[in-house]
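Below you'll find only one chain, the form predicted alone, shown as structure tokens.
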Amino acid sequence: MPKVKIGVFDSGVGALSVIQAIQKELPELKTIYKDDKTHVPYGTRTIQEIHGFVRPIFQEFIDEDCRVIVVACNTVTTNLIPQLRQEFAVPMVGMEPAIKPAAKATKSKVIAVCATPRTLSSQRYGWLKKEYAQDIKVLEPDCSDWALMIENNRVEHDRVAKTIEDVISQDADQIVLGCTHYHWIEALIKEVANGRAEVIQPTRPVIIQLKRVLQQLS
């Protein structure tokens, strides 16, 4: 019996951490991974540009008989997933900043969201804050060059550490990783936080949602 195919997309290397988690938990799936190294990073591009980049890639997933597409890119999910769902008749599992669990877990009532400028300016992100973090102070440090640093394997540890120290000094006790690229420096961020703040990223909820969607297909 052939394996069920799913597509996983991210602009660059970010989604590889998500794929590893999916393959560990759901080894019966055949995972097809596509990225867009030509145009990475997406976080500072216009929505129209990003849509033009991803549309042919998503069509490739359809042409290759993927039953589900995991959009392992916060920028694409928060800005374009409603439109992409209309354009392609295939279930999509998105990845977006984990505002809800961070707001629920914070004791200081201050959280930090590390994300791209395009994610932070999206309507979806604004809705997440309004819906789940009304009485929470949300810090949004400038992480605009992190994805490129990670993509080029030139992580400037001191700059990342300074950003994390800054949000912790402002009482953030939850740090949300709102870009899949940042999963690759999660260990560094946790080391800097040193128990003073919890680091949250959404791979686990994505796998849970993927399982739900696959059950509905079977």
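Only a predicted model underlies this, so the values are computations on that prediction, with no experimental measurement involved. Note that residue numbering begins at 1 and tracks the sequence as displayed.
The form predicted together with ligand DGL exists for this protein as well; it is not shown, and the discussion that follows is about that form.
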- Task: Please pick, from I164, C179, A172, I69, the one residue with any non-hydrogen atom lying within 4.5 angstroms of ligand DGL in the predicted complex.
- Result: C179
- Should A147 be classed as touching ligand DGL in the predicted complex when contacts are defined as heavy atoms within 4.5 Å? yes
- Query: Can you check whether V40 is within 4.5 Å of ligand DGL in the predicted complex, heavy atom basis?
  - Reply: yes
- Message: Within 4.5 angstroms, counting heavy atoms, which one of the listed stretches 59-67, 23-31, 179-187, 156-164 is next to ligand DGL in the predicted complex?
- Response: 179-187
